[in-house]
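Take a look at this one chain, the form predicted alone, written out in structure tokens.
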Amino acid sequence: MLPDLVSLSLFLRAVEARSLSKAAAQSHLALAAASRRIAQLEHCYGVQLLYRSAQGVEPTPAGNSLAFHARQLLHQEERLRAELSDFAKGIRGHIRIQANTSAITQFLPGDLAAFVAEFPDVKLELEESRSIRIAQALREGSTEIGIVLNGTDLQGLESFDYRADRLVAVVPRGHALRRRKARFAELIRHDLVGLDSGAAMMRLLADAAAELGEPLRLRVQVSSFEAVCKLVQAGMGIGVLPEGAARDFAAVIGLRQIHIEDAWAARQMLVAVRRLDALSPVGRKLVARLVAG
């Protein structure tokens, strides 16, 4: 017999409060009924889940494992309840999307706004993530549509061209690099303000540096394009950003852009799905809209 959500919720409250009586009160159950539910959980899994003493309860190693998974199950149930309530309110579709920072910064807001204007009864749930994590989320089924950079491992997934962008360097106005265009071999001689190591752009820069036989002189790494620009403005080094992000963030605070002439600086973004024919009809419409540009 599988455990019910009420029992799992009761168990989590007991673990967090270190008290079965407090958990029973929070769950609006009599203490005897709460104790039976915990006993049923232990019988279901064939292991002791709680150490009991006069001071309260403590989870056993098996109890800690159940608590971890119970939190995930209850969180998923909350998401399911919220999603189904949208249908009850008249929402005709719900699409989960994950996209990399470059897509969200440059292209996706306008594309999604146009789609919602045409399909106002569809709810879009957008999450920002790194391309490699998006591909994994698609395989696991925790998202339906992903926007990733070309070069991401998409084995087992279907993908379609989305948008192209280009990387540029950003420097303070008084920086020694005064050219409007430069090869990466020249840029790599300077300290770099980079994104965190999980960013696809950083892997691209690392590969380019390896081809040149040079190390990346990473002065500092941050998690956002805006933070890169602020540190560049402060004189911590040069930055490398998508051209659209440089236009939105760097130009506002007076940074100069330098066109990177290397071929790899031109990038292609992809729309990825687990299986196009497995998407809802409205999901397939969104993919078609994104691919059409």
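If you're wondering where the values come from, they're calculated on a predicted model, not measured in any experiment. For clarity, a rigid core is taken as the largest C-alpha set superposing within 1.5 Å between two forms. In case it trips you up, residue 1 is the first one in the sequence shown, and so on.
Although it is not shown, the form predicted in complex with the DNA is what the next lines describe.
Checked against the DNA in the model of the complex, the residues Q40, S224, Q268, Q257 give one hit for a heavy atom within 4.5 Å, which is Q40. Proximity to the DNA in the model of the complex holds for none of V47, N64 and A70, with the criterion being a heavy atom within 4.5 Å. With the DNA omitted here, the record of contacts in the model of the complex names 55 to 63 of 245 to 253, 260 to 268, 227 to 235, 55 to 63, defined by a heavy atom within 4.5 Å. Proximity of A272 to the DNA in the model of the complex falls outside the 4.5 Å heavy atom cutoff. The closest heavy atom approach of S280 to the DNA in the model of the complex falls outside 4.5 Å. Counting a residue when any of its non-hydrogen atoms is within 4.5 Å of the DNA in the model of the complex, the hits in 12 to 28 run S19, L20, S21, H28. Relative to the superposed rigid core, S224 undergoes a CA displacement smaller than 2 Å between this form and the one not shown.
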